[in-house]
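So this first bit is one chain, no partners, the form predicted alone, shown in structure tokens.
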Amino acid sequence: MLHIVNKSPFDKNSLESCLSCAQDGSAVLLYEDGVYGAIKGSAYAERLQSAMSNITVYALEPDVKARGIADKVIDGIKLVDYNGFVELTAEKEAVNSWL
């Protein structure tokens, strides 16, 4: 399953809820303000890094760049462009958006 998170973890609990439900082998895509969850050393960094042992985490690169955090992304998070976003949605059997 692909889990999509577009809300900042500093404003909503979407990322935490997503990580609590994501099963082994799932993928999580952070986009829009959801990319703030990918910042090294943030309050959510340790939780996200721990989850990355069982899931793959992606962040939409244009959103990362637009927010000026390209040099602060947690190691191991894969940056994708819009085509990569579409490919992820096409290759996963199900998609869940966390609002």
Partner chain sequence: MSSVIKQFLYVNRKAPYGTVYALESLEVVLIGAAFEQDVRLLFMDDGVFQITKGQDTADIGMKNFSPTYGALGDYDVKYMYVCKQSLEERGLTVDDLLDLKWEDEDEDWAEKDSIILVDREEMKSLMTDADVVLSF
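These numbers were taken from a predicted model, which means no experiment stands behind them. Numbering follows the first chain given and starts at 1.
The protein also exists as the form predicted together with its partner chain; that form is not presented, and the subsequent description refers to it.
Using a 4.5 angstroms heavy atom cutoff to its partner chain in the model of the complex, none of Ser26, Lys78 and Glu91 count as contacting. When contacts are judged by a 4.5 Å heavy atom cut-off, Arg47 does not count as touching its partner chain in the model of the complex. With a 4.5 Å cutoff on heavy atoms, Asn96 does not count as touching its partner chain in the model of the complex; it lies far away.
Although the partner is absent from this view, Glu87 stays clear of its partner chain in the model of the complex, with no non-hydrogen atom inside 4.5 angstroms. Remark: Thr56 does not count among the residues lining its partner chain in the model of the complex, judged by a heavy atom distance of 4.5 Å or less. Contacts between stretch 8-38 and its partner chain, counted in the model of the complex as any heavy atom lying within 4.5 Å, involve Ser8, Phe10, Asp11, Asp33, Tyr36, listed in sequence order.
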